[in-house]
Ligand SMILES: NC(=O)c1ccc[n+]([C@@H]2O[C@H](COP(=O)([O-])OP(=O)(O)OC[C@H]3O[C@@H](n4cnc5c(N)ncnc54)[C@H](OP(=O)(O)O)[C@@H]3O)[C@@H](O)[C@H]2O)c1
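Let's start with one chain on its own, the form predicted on its own, as structure tokens.
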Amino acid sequence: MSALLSGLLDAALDASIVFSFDRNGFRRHARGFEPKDLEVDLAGRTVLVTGANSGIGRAAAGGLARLGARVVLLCRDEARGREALGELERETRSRTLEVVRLDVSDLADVRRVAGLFRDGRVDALVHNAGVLPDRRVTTRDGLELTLATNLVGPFLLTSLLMPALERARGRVVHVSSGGMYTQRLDVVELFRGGGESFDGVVQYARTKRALVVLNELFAGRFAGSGVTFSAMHPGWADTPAVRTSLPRFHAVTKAILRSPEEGADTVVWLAASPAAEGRSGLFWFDRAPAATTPLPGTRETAEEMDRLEAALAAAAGLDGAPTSPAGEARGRRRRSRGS
């Protein structure tokens, strides 16, 4: 009876969102984590983490370094990346951390960095870098900055690194946001970026919705390749990005926000744990599969998914969406929408 009551209480708290996304939600969920899931040795494995100089990315890099991985911090600001590197080396006692400069919003820079790793093996690629600007900015590629950073750059980087990921039977982890729940995929509006009526919070949520859909598209296209594609959201974590981009939200919620390490826990688990291997195309929250469209009217159509894939390929300058013989033969996998 006590187990039943506890389960009902957990369900009620999770439905509230606040008591699920906050630090108390993480601690409740963590009671069900299997400790052996992260009793792994990643020595000899290479992990790339974008936006790794602060927040979720830095915490994920530290967690993976503690497991023995060679962790490459891909940072737009090399000086800040090197500062984070020194701190992480002291904290983790790892000597297998590196910094490579990458502005993921700059497609030429994405191609340059992909060339550094393409011929080797990449065991995990964590797409964490993200921006939430308060005004519309256009990149030199002609893309709205949020779209370029949160979506087109990650799409291109994964596409170019597929040989290295397939060689390693690697993992790709897309860090999304709970804000994506409020948006339905609309490719025209996503690429228009709001025009003159730009709303940074809405555009951020749109890109994070599209990132979850992209995860499913990759999982379908590369089914059978051995690469596991995952998307997740970290809950509400106290990071520099939240403090600067959402100051009012931070002021109201700072007493209940998760630590960056709590927010990054599922990133590390998805990138490292045998328990996550092969479970491709799912959306995760606190190490459990989560529904992607709990709100009415937010479920995308197959046609809109196709439009997204075509628009991303065009924006990234690819002749077509990346293909894998194994994935192409199996066709596109559609999601299983769990709770």
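Residue positions are given as counts along the sequence shown, with the first one as 1. Values in this document were obtained by computation on a predicted structure and should not be read as measured data.
As for the form predicted in complex with this ligand, it is not shown, yet the points below apply to it.
Residue contact with this ligand in the model of the complex: Ser105 places a heavy atom within 4.5 Å of it.
Although the partner is absent here, Tyr181 sits far enough away that none of its heavy atoms falls within 4.5 Å of this ligand in the model of the complex. In the model of the complex, this ligand lies farther than 4.5 Å from every heavy atom of Gly193. When contacts are judged by a 4.5 Å heavy atom cut-off, Thr149 counts as touching this ligand in the model of the complex. In the model of the complex, every residue of the candidate spot (Asn53, Gly235 and Pro240) has a heavy atom lying within 4.5 Å of this ligand. Stretch 169 to 177 is the contacting one of 218 to 226, 169 to 177, 88 to 96, 153 to 161, since its residues have non-hydrogen atoms within 4.5 Å of this ligand in the model of the complex. Note on contacts: among Arg76, His250, Arg82, Arg121, the single residue with a heavy atom within 4.5 Å of this ligand in the model of the complex is Arg76. Here is the short version: of Leu143, Val131, Val213, Val113, the single residue with a heavy atom within 4.5 Å of this ligand in the model of the complex is Val131. Residues from 257 to 281 do not approach this ligand in the model of the complex: none has a non-hydrogen atom within 4.5 Å of it.
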